[in-house]
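Below, in structure tokens: the form predicted on its own, a single chain.
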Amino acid sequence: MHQESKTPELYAELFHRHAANPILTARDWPYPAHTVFNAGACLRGDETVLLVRVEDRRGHSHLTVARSKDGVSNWQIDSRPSFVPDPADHAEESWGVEDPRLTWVDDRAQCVIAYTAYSSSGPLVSLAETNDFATFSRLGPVMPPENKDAAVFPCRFKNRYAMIHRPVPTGNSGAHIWISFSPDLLHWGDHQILFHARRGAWWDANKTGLGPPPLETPEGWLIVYHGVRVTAGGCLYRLGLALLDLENPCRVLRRSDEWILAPELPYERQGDVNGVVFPCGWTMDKTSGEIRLYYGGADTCLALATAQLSDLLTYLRTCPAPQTVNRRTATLSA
């Protein structure tokens, strides 16, 4: 990585919306649904698998599997909900399950699903596992409320799993992105802020959250995150980039000052929640380097944007390096 800081090219168009957007809506669903959005994504064999958040006509959400050979069209959607809330055994899910992030973890031979469980106690982070997207095994809650926007890394660091998440403290201190570690995916500790939400007029002032799970690249763990700015017309959810050290994910190498994707088109600006682009999943073609980012538009539909990994890394090299280092974790290595 080049360490010098350069002024980034303003308004770089890194992600390109697919012409078929939105690629999935409630009209595509094989059973009644109010909205479909915020899908986790992964590649399994020659298929793209999405785990889609589906909001029913009560306002409660469940998750449903959709599969496609090309990752864009001809989706084969499960005929009924694939992962439903289980309030009898998991009271934390009594108001629904939301916003899954999918990580294939080799040493478990499982896809680990981090999702938001929602109830009268508030939103919290729960984990589940699957290897076929037909049967699911819950690990249960791993972070107390209020906490969401979580994803697990695909590998261990010093024999510990790592997870990024976003607790919301009381008061006016802001909602920042955190990282924590676990020996077994059940017991989590060594909690620390990964990077802060900014203040003032910034596009990511006061509230941030992880998008898809971290993506391993030759130059570091690639992060897409959302920032929320409160305006006179409501909240705006926009996306930025960051890069973490491969061996020490607590170390932020780069972070974009500007947003790189924002709600601009009608299906992003108008819906149940106006002015939102919200990704939970992405995939990468290792041959071509194409990244496919699956994102919710206005909490109403599912859309797709593509980028080249090389373009994202080139752009991140121009972004500022953090001015401070977390000395407590600076020596962590894989």
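All residue numbers refer to positions in the sequence shown, first residue = 1. The shown structure was predicted, so the numbers you read here are calculated from the model rather than taken from an experiment.
Omitted here: the form predicted in complex with beta-D-mannopyranose. The next part is about that form.
The closest non-hydrogen atom of residue 254 lies beyond 4.5 Å of beta-D-mannopyranose in the predicted bound form. In the predicted bound form, beta-D-mannopyranose sits within 4.5 Å of a heavy atom of residue 276. Contact annotation for residue 204: none of its heavy atoms lies within 4.5 Å of beta-D-mannopyranose in the predicted bound form. beta-D-mannopyranose in the predicted bound form is not approached by residue 28, whose heavy atoms all lie more than 4.5 angstroms from it. Residue heavy atoms within 4.5 Å of beta-D-mannopyranose in the predicted bound form occur in exactly one stretch of 276-284, 263-271, 305-313, 39-47, and that stretch is 276-284. Contact with beta-D-mannopyranose in the predicted bound form, judged by any heavy atom within 4.5 Å, is made by just one of 225, 237, 221, 153: 237. Interface residues of 45-82, taken as those with a heavy atom within 4.5 Å of beta-D-mannopyranose in the predicted bound form (partner not displayed), are limited to 53.
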